[in-house]
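One chain is shown next in structure tokens, namely the form predicted on its own.
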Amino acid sequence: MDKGLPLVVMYILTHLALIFFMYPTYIVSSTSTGHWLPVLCGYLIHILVLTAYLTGLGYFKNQDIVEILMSNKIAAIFLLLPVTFYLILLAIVTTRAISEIITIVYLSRTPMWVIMCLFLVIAGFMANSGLKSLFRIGILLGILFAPIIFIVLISSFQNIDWRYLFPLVNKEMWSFSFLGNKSFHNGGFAFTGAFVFFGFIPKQIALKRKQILLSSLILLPVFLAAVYVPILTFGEATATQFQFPYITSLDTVESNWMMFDRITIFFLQSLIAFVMLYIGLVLWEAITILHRTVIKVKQNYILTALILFVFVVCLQITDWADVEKLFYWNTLLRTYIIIVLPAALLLLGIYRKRKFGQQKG
């Protein structure tokens, strides 16, 4: 098996875990027409950041991001501390949001704290297993659930009206007014939440930049479908009224061949596995940084403390308005992730290359 395949599988699955829930909500709300443009802009920013990140890592053979930055420990702590905050906030928001969605869709009588606890225990078990185990779990989940996601994605086009697609282009959209819209920035979490893990890989698996960038092409039609299926099913004005427009659009699909009454349940059962994998990966990244920079105790202790912290914070979030606030606050850290982190790696890599070039010369 190609050693780069687990990376690609993990990259795609973790993005699938993020695309279908809040991302359509924010993009549909960010503009009233030409929704493909904010999707494309977000995707191009993602490719640009990913290219810079992978290029920066490429200058340091067999070194991960912690090892690269730890050449100056104080600088490493200042650079990696915001990354750790970002990862922990991702775990909090994702756990709370997916628990809310599960409660709304099919476990309305189950206390939310039970769902959150179950999520964190399973994700914590995955994180404790280590990176190679996470990759093996990713391959298994991909084989089991990716075909189901693909089938449901195709089925979701059952009730669409292509007339809602137009106008594809008009004068209003070229003002790029969505760039100043809060919803557009909130939706950026789907592009920036799952690429940081590449920085932890080089010591174990060589990164293949071309392979990773080509695999990202698979995600573009999925991003577009997640936004346009609810618009084409209900119309833009109606789709903006739903809390989870893509999930709601699946409720309109009729299917007699599935074991569940609603295709939505079938879809969520599959996506939940990817979300657990994603939370497990995020927790593993956070404890790796903490263990190798500031907290010199066993990773098990850090992981246990981190899970308890995330669980307690999730309990303090009383309603969806609080989740929205966390999404917005996370925007500041997200800006750091897409600008400072790739730029720092790239500049360090260029400096290192020139330094070695001068020594050889």
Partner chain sequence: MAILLLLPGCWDNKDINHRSLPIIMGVSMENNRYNVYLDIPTIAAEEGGMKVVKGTGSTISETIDDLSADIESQVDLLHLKIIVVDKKYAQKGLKDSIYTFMRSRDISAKTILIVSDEDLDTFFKNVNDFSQDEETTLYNYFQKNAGWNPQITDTRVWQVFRSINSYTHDVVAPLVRTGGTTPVDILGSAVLKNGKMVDEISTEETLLINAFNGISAQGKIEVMNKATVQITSSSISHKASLRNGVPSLSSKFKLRVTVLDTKGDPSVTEIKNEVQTLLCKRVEKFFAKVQKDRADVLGLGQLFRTKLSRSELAHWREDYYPRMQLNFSVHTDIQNLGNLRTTE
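Numbering follows the first chain given and starts at 1. What you see is a predicted model, and the numbers here were worked out from it, not measured in a lab.
Just so it is clear, the following notes concern the form predicted together with the partner chain, a form of the same protein that is not shown.
Residue-level contacts in the predicted bound form: of A206, L144, L107, L213, one residue has a heavy atom within 4.5 Å of the partner chain, and it is L107. With the partner omitted here, the residue from T335, T33, Q316, T304 that has a non-hydrogen atom within 4.5 angstroms of the partner chain in the predicted bound form is T33.
Residue contact with the partner chain in the predicted bound form: L224 places no heavy atom within 4.5 Å of it. Taking the partner from the other structure, the partner chain in the predicted bound form has a heavy atom within 4.5 Å of a heavy atom of F234.
Taking the partner from elsewhere, H291 is found to have every heavy atom lying beyond 4.5 Å of the partner chain in the predicted bound form.
Although the partner is absent here, V253 sits close enough that one of its heavy atoms falls within 4.5 Å of the partner chain in the predicted bound form. At a distance of at most 4.5 angstroms from the partner chain in the predicted bound form, all three residues L118, N159 and Y164 contribute at least one non-hydrogen atom. Heavy atoms within 4.5 Å of the partner chain in the predicted bound form are found in exactly one of 236-244, 128-136, 81-89, 283-291, that being 236-244. In the predicted bound form, the partner chain lies beyond 4.5 angstroms of every heavy atom of every residue of 264-284.
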